[in-house]
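Before any questions on how it binds or moves, here is one chain, the form predicted alone, in structure tokens.
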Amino acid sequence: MGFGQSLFPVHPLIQEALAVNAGQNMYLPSAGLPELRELSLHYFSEKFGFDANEFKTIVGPGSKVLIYDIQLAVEGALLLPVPSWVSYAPQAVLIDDPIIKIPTTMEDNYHITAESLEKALVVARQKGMNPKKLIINNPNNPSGLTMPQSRLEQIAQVCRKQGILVISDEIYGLVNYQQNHTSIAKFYPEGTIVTSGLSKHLSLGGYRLGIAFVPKVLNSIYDAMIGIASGTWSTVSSPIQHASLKAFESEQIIEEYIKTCTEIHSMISSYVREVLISLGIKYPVLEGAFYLFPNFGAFRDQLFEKEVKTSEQLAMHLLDKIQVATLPGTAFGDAPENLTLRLASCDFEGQIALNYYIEHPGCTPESLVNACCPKIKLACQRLGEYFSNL
């Protein structure tokens, strides 16, 4: 339950497109294949609810590199919710940008609020810092939770008033379990750069294709990002870019595939959540991605007796005692004394799960896991037995 990667097979139509374009051996523009830039912009803007006419597109070798590209292009302190994905803070450290951490709570779905953002801005400026950019990740890794539209609107209002650029990592936007993801760019189009890609909803992590949508009014940032791209990765693989066009043509068969894979992720994540609930660990209803971020503080006294006092110690303890791999909360910026762990619910054979789901309409999370997810089932059994007997 440590490594998070969607393991469904590459859709046959995309495999065919890659084979057809294997001979595409010429350099492409650093911004990306023009047809891909246009098609992906209209696809994601329609799915995420923002106005395509207000944005320009950059194609990069994964959204992670594009987020780093943005951080390089925009000087100033980074406002960072905690917990957050493991790469945001190290990227800021690499370029010597200060980090302003904004704590979140499970009650707020591990997302910031307008109030917590405003407070962080006031405190940072009192300390002489210069906050310029905010990263949000919605749906969220490590929590599997989303931000309601009303809060997105409130945060947009604060950022507009305070002149803060939003870097909105929406790589899990199409793994929203209700298929109703809304981007903060809908409410703050002039100040939001949206990043996404193909790695999560289409299980194409190895294709290394990410996309950033930059407001046209931020042309200087766009030009800086293109300059960084030209001086670093030059261009994303030409066969990959040409093949990826197929992912944005809105073909019904691929759209149904995305929906089916998302439903399977939802069922398996729900199964893991129910195991946590049975142990007395509260956790909100999951809304997207394939992660959970539970706090095992209810077992703090028993764990202290075993010299387990931090999340890192807890992760190592569980690996040693019951051979279950997790990631400690500290990897996501959480305080060491919080006994939080990131659990990934995607360690299963995607093709087997797809076949079972299609052949057994109306199957339950339990029946799906029993039939197709032996590693998830075993890990949950071991966690359940361990903490029940602690």
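Counting begins at 1, following the sequence as shown. Owing to the predicted nature of the structure, the values given are computational and were not obtained by experimental measurement.
Another form, the form predicted together with a small molecule, is not on view; read the next lines as being about it.
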Task: 4.5 Å heavy atom contact, R273 to the small molecule in the model of the complex - done: no
Open item on the list: Does any part of S199 reach within 4.5 Å of the small molecule in the model of the complex? Heavy atoms only, please.
Closed with: yes
Open item on the list: Can you tell me whether S63 touches the small molecule? I mean in the model of the complex, with a 4.5 angstroms heavy atom cut-off.
Closed with: yes
Open item on the list: Can you work out whether Y188 and the small molecule are in contact in the model of the complex, taking contact to mean some heavy atom pair no more than 4.5 Å apart?
Closed with: no
Task: Candidate stretches 333-341, 47-55, 354-362, 63-71 - the one whose heavy atoms come within 4.5 Å of the small molecule in the model of the complex - done: 63-71
TODO: Find the only residue in F296, Y110, W85, F213 having a heavy atom within 4.5 Å of the small molecule in the model of the complex.
DONE: W85
Task: Of R208, H242, H181, K101, the one that lies within 4.5 Å of the small molecule in the model of the complex (heavy atoms) - done: R208
